[in-house]
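Only one chain is shown below, in structure tokens, and it's the form predicted alone.
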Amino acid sequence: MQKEAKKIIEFIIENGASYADIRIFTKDQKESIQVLNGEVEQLSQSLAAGYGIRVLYKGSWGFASHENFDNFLSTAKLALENAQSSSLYRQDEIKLAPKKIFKQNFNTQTEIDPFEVPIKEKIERLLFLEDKLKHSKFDYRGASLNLYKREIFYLDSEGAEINKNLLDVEAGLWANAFDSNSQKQSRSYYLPQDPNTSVGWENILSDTQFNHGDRLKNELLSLLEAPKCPEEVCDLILLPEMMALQTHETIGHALELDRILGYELSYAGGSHVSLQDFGKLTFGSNKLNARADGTVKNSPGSEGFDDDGVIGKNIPLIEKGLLVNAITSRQMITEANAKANKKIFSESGGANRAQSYYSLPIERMNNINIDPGNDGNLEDIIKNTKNGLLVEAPTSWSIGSNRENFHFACEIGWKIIDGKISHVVANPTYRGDSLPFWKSLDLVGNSESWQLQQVFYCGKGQPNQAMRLGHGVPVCRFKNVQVGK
């Protein structure tokens, strides 16, 4: 198949294209199990294979995909024809920035392949974990496991040849109940990853990583009797799940270069950031250091190489509060530099990714992380807070179309008074304008508080693509935030 792919690339170039690449998914395997109230609610498995061919002809893209490998040549011809047709109507010529060429393999670190574990054993483990959430006051309790395995061969006309074997493991626990005011309250927990271990069934067996039912049950029982979050301006402490959402929505999406250039306006929105802001805009306080890190281990955002064949990189986005870079691809940095009439971006950040072989790659977050700070662990930050609110786990979010403001609701909050947790509060919310909010960041937790959160359904593009990625974030405190409104 790889030999045939090379012949296809040669055919495309011989017929006038300036560039071509092929992504072959020899395996795209998925498995989903969900248990609910002690019974199996869902069990599904799928296995697919296919390929996508991308062609650049006279500055315009053409793309085609297929599942039948006997149609390699006809699919290549269709991709070439699509590029030729689009070149008749293009306005700006697409140019690709240079890249290093690799012939390399990349494999997710795994101890126990979950696809090799018997279905019965996986169901029994989920039922065991879900049973810890059982309580007469709860309406629903559940556990879920979603597994993704992909074997991908990438080849392009510049000489890159890359084999990737990728595994992602998504798992969750949750319980719901109605409080005395007939409002639904929920507690949930979704599997994070540890960059120092591995990705596999071993995480589901780990009590540290995933056995959190007793804690969730106790927190949900507390929520059923808890007072409503008060309306006030106070200090806000975000635990990792909420920090991941905050980072995702107001840093990650705001700094995707295609959004900054206006490509997502009709669907996902734009960005309040402009090309003139890089190197000048104070995005947050000097405590804020953010990066697009495609090298952090064990994250669904780390695939070794993006779908341009660019190796994963660790790119600083914000340094001591100053905006210095964006989430970029080979195409967009050349366009941005041309539009700005200066060199803003020196190389692709390796963030051009597609959902599957049938999707055209677009700029997507890989791992948008916040560096740990020097302000201690969670306990230390609480001790240093006189009047505050500690929150975790998003329930809803509303974000300005240009990521300029936001309003988030959380599952649970804890009121902090004079450096101690006073009590649980229900239905906590907070809001703010993005730049003032990040400028109010005054305490950043140390590496002990840092956690790699997984995101499995980030939507973007037309047709929509749901991408998997990660956010490594510490516990953080923000000053004088409006909560409970």
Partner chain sequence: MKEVRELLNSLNEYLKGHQLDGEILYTYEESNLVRCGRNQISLNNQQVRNNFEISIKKGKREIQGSLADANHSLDKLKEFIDEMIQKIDYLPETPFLKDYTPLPKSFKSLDQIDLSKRHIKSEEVVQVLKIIGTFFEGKEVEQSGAISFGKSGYAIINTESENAFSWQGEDYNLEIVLQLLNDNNKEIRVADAGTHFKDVKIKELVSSLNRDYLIKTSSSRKDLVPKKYDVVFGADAIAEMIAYMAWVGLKGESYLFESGMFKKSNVSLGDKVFSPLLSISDAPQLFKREIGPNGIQRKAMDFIKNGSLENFAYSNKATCDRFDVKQNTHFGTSELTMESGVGPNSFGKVVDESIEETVYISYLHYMNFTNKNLGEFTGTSRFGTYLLEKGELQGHLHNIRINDSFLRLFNNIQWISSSTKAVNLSNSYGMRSPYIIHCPEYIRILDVPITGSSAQA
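Positions refer to the first chain, counted from 1. Bear in mind that the values here come from a model prediction, so they are computed numbers and not experimental data.
Here the subject shifts to the form predicted together with its partner chain, a form of this protein not shown in this document.
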Taking Asn37, Glu41 and Asn464 as the candidate spot, are all three within 4.5 angstroms of its partner chain in the predicted complex by heavy atoms?
yes
As a check of understanding, the residue in Ile311, Leu261, Leu126, Leu224 with any heavy atom within 4.5 Å of its partner chain in the predicted complex should be identified as Leu261
Its partner chain: the contacting residue among Asn163, Asn146, Thr197, Thr395 in the predicted complex [heavy atom, 4.5 Å]
Thr395
If we define contact as a non-hydrogen atom of the residue within 4.5 angstroms of the partner, is Phe106 a contact of its partner chain in the predicted complex?
no
Do Asn405 and its partner chain come within 4.5 Å of each other in the predicted complex, heavy atoms counted?
yes
Does any part of Asn384 reach within 4.5 Å of its partner chain in the predicted complex? Heavy atoms only, please.
no
So, Ser440 and its partner chain: in the predicted complex, are they within 4.5 Å at any heavy atom pair?
no
Contact segment among 346-354, 319-327, 197-205, 179-187, judged by heavy atoms lying within 4.5 Å of its partner chain in the predicted complex
179-187
Out of 60-99, which residues reach within 4.5 Å of its partner chain in the predicted complex, heavy atoms considered?
Trp61, Gly62, Phe63, Ala64, Ser65, His66, Glu67, Asn68, Asp70, Leu78, Glu81, Asn82, Ser85, Ser86, Leu88, Tyr89, Arg90, Gln91, Asp92
